[in-house]
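Here's a solo chain for you in structure tokens, the form predicted alone.
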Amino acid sequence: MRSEGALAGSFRDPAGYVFLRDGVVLRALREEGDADWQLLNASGLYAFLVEKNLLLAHDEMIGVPGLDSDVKRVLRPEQLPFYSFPYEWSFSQLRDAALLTLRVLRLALKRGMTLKDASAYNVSFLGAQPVFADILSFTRYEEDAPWQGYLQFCEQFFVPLLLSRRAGRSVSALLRAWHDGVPLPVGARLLRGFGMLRPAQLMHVHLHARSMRRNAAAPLGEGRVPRQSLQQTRALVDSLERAIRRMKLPQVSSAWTGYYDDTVYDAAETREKEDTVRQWTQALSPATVWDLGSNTGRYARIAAEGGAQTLAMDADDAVVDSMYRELKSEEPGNITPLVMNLANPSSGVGWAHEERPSLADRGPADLVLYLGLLHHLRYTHMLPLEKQAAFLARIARHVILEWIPPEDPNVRGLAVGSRANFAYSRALLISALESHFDLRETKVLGASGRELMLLVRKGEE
């Protein structure tokens, strides 16, 4: 039974569910989940994983009213500022999430437990660090039982990573269409002729897919019940981990990597832009910032200086991947890079279009940076200024927007290659914004004619 307040994506596990209470995410455990939670604690696994920052910490809640009668316990997990999904990750993010899952499984096996699933959705990111979030994935290890999450791991991690390596760029976005993972038979066909003789790919994709076909063809009730010793399970994990650690993408040159080195701004105007973004951000003191079209993350870093949980989103997966690899070793670790095409942002997917919420449904952010983006979406994707303003009003309480005039070389270049002759002027922009935002402050940047605007959504202080 789905309880009032239960999150739309929390219905698949009979052991419990996640729900909201006064804006706080809580986890309800039924009898099966409560038994596994007690074992997780008694084994020492929970404390070890939390200490190593591999698992979200959970506190027990007492006296939570209005719950289902079969709820045995309520836990309050460490609250994530933003829950991202695998189809929003770069190659290295998906790779690190896969390695985290295998590491958690290996540690669980040492303490008499296992993971009953291997969903990529069990993992999210705190800053640029992957963290395991689903305590209901842990259960008691049964002797000679095969790992139940093996197929799911291959379809949601291993095959997408192999396909990315073959394509030379991240194909994590496939998980938006194949929400439960790239079907193994499809992956085997797509990877045919590419690394088929490599032992790990042969074993975990092609022979695995062949085994699935044989079992599917067996008469009902006559399929062989597999047995897998603990040693065999550990060997399976070792094989997957070795193969994934070796996976790398070729160094791809992106047109956006050197964007800030090839700009109409001179050094003084660049400093002026940075200083203005810093001053306005400090004055607002936002808890959450979304930098849309972040490129290499220069302005996301400025926004994050005050401690704001910051998302740096860009459509170029090569740029996002490079940014992620740099941020992994940095402090304070409050920037999360994501691959996000603003012309087609993440929509609601899964059952009833609600299982995984859209980007907009995970907002609004306290502050959105919309720098050097307006004209790209207008000319490249033919998105009218009115529609851009309306979308910003859905996802942001405040916006720092950059207006780039029609005579700017970058705008002229886009206009020449555009499929239509668009009306594009500051007056049209102000008209599009005025029904959604109040214009609090402006700053013209040197002689370039570019202008920063600080917008406050109507009704906000």
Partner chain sequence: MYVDPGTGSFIAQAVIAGVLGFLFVIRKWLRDMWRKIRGVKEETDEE
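Small disclaimer: the values here were computed from a predicted structure and weren't measured. Numbering follows the first chain given and starts at 1.
One more form of this protein, predicted in complex with its partner chain, exists but is not displayed; see below.
This chain is displayed without its partner chain, yet in the predicted bound form the stretch 205-213 from 160-168, 205-213, 281-289, 336-344 comes within 4.5 Å of it by heavy atoms.
Site annotation in the predicted bound form: the residue of D366, D117, E354, E78 reaching within 4.5 Å of its partner chain with a heavy atom is D117. Think of it this way: in the predicted bound form, its partner chain has a heavy atom of just one of T270, S358, S239, T276 within 4.5 Å, and the residue is S239. No residue in the set K387, R397 and R457 has a non-hydrogen atom no more than 4.5 Å from its partner chain in the predicted bound form. P226 belongs to the set of residues with a heavy atom inside 4.5 Å of its partner chain in the predicted bound form. Within 4.5 Å of some heavy atom of its partner chain in the predicted bound form lies at least one heavy atom of A235.
By the criterion of a heavy atom within 4.5 Å, R301 is excluded from the residues contacting its partner chain in the predicted bound form.
Shown alone here, E451 lies farther than 4.5 Å from its partner chain in the predicted bound form, counting heavy atoms only. Residues of 47-74 placing a heavy atom within 4.5 Å of its partner chain in the predicted bound form, in sequence order: F48, K52.
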